[in-house]
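So this first bit is one chain, no partners, the form predicted on its own, shown in structure tokens.
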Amino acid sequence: MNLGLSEEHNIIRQAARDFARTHLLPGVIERDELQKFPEEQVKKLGELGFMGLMVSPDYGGAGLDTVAYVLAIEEIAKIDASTAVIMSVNNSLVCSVIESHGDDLQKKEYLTSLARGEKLGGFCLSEPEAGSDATSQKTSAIDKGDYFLLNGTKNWITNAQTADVFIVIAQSDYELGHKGINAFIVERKWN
């Protein structure tokens, strides 16, 4: 059994390492101190395929495995943990949810632009009283026929100020308990 990294894994790791040293290291302390979103760097990550590493090429992604994804995140985080979180949320909490659970229309509408870094994803789970315990959340989703009305308060929303598309976790049927919890795609422009 070979437990070493494949050639592809090593290439991805080196590409992420090179990117981090070349594009993230310059200005990392200043961006951190000023709490400045790394807009140019995230755009370049998208252009290089790092914003949709595990997304199928059918939807603009790189189609790589979890090991490649983890290696890339690790190399980015060594230099700039904030950018690694931005990249991670877009990949694992937004793209993967849409690819795994979205319908074909949702995948075409959102997944391609998210995987290419043309749009950025945000994730809304945590609440003031519940933290990240989804079963204790109060955000509701009321079925209005052709849409759901979401009502509640979220906090610690990753990519809140810059995301175009959000995955919002809400309760659509309190009687079902945890089985009534759903993930909704919400566009910033819908507010």
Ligand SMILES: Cc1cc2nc3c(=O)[nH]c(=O)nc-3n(C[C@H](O)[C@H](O)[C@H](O)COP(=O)(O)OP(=O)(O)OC[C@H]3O[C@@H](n4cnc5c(N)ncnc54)[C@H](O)[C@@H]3O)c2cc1C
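Computed from a prediction, not measured in an experiment: that's the story for all the values here. All residue numbers refer to positions in the sequence shown, first residue = 1.
Missing here is the form predicted in complex with the ligand; even so, the following discussion is about that form.
Heavy atoms within 4.5 Å of the ligand in the predicted bound form belong, among the stretches 51 to 59, 126 to 134, 26 to 34, 65 to 73, to residues of 126 to 134. In the predicted bound form, the ligand sits within 4.5 Å of a heavy atom of residue 156. Interface membership of residue 77, defined by any non-hydrogen atom within 4.5 Å of the ligand in the predicted bound form, is ruled out. A residue is said to contact a partner when one of its heavy atoms sits within 4.5 Å of a partner heavy atom; residue 84 fails this definition for the ligand in the predicted bound form, lying far away. Taking the partner from the other structure, the ligand in the predicted bound form has a heavy atom within 4.5 Å of a heavy atom of residue 89.
Contacts to the ligand in the predicted bound form (heavy atom within 4.5 Å) from stretch 159 to 182: none.
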